[in-house]
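Given as structure tokens, the chain that follows is alone and in the form predicted on its own.
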Amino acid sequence: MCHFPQRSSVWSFPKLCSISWRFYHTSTAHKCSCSKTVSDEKYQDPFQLGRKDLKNLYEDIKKELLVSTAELREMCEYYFDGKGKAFRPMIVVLMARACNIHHSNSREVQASQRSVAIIAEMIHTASLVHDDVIDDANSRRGKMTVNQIWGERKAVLAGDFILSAASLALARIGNTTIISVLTQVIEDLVRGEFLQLGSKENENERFAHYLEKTFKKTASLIANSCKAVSILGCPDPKVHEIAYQYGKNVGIAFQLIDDVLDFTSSADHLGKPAAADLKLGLATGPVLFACRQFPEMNAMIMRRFSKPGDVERARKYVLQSDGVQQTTYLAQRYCHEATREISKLRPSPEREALIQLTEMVLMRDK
């Protein structure tokens, strides 16, 4: 039987969009106080806790990618080299355990739940391959991109093949509800990419547009993967919503910090070019907040930083403004909401590790 403390209201996605601008006006002089939720006594290293369930993760992914063509296999396995953070599978297996403990006091991850973690990493990696083609990127995770080595056409096919292998793995789970939940991720990735190609003239619409794009391109995968393992582990829809909301909020916060790092970290540290978003014509959180202090950035945003000197000027404005600070504060708000949601589950080391992960999202530097 699923056990719950009293349920408090859940912030809806549109409400969070409006909060982001109100937050700007009310917090410029006050830092959002999201103090550490996990005490030293309760501290759980998420990566240590989830290591058992993620052992041989990349070897198992490579088994899903068995192909006869050596070149296609090499391309598909290129990013599955074990050097990634495996952030998404980590969240998924911790959520699986947290929900299993909540429902039946079992700490074992079901085979189908682990499959969701594998599928999530495959979908994520396929999206990276496709993104690098769209962006004509030349480096990813500190090495050359697939499209730079093998060319755009073959890179597109490699991304497609990884997605097809993920789809087959998803079908083998044999649960139509899980298939529906995870195929939503692929739809959101495509819709998010289309949103990224467009822009809005109105400032408030522009920020909502940015957050919706952020959800679809980044957070949907985490949210729906968390929801999928919760469905497999507990029949209570309230638990499914908690898992989804946690994943959504952590996912948005993760991308907000990613957008901050584009302005604050060096290319060598990031493993990809710095100021890459500006060069692609993208107005992310730091830019949109900076625009409130430097309205002359509006014209640059609308022309997608296409004139000579636009990228350098925009970067200078962002660093002179409090755009980085405000985006970080907003990420803290999302992490606070993720913590509030996951705290509704029964206490467990995995629940505490998921809370700790929100702190790691905010503190990461690459």
Partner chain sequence: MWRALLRRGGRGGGRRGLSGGGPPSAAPWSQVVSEAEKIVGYPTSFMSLRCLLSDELSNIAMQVRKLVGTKHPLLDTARGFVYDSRNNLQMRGLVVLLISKAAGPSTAELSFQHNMVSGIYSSQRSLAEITELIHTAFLVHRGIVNIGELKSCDGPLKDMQFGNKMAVLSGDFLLANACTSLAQLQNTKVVELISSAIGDLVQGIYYENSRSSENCLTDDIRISTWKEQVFLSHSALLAKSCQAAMELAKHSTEIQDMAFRYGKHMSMSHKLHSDLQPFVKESSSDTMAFSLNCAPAVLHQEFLGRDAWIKQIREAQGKGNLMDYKKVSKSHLNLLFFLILYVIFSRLLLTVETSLFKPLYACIHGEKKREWLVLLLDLKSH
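Only a predicted model underlies this, so the values are computations on that prediction, with no experimental measurement involved. Numbering follows the first chain given and starts at 1.
The same protein also exists as the form predicted together with its partner chain; that form is not shown, yet it is the one meant from here on.
Contact with its partner chain in the predicted complex, judged as any non-hydrogen atom within 4.5 angstroms, is confined among 257-265, 221-229, 107-115, 174-182 to 174-182. Only one of the listed residues (283, 290, 91, 75) places a non-hydrogen atom within 4.5 angstroms of its partner chain in the predicted complex, and that residue is 75. Put simply, residue 86 is far from its partner chain in the predicted complex: not one heavy atom of it is within 4.5 Å. Put simply, residue 167 is close to its partner chain in the predicted complex: some heavy atom of it is within 4.5 Å.
At a distance threshold of 4.5 angstroms between non-hydrogen atoms, residue 275 is out of contact with its partner chain in the predicted complex. Interface membership of residue 191, defined by any non-hydrogen atom within 4.5 Å of its partner chain in the predicted complex, is confirmed. No member of the trio 244, 338 and 363 reaches its partner chain in the predicted complex with any non-hydrogen atom inside 4.5 Å. Within 4.5 angstroms of its partner chain in the predicted complex, the stretch 140-165 places a non-hydrogen atom from each of 151, 152, 153, 154, 156, 157, 160, 161, 164, taken in sequence order.
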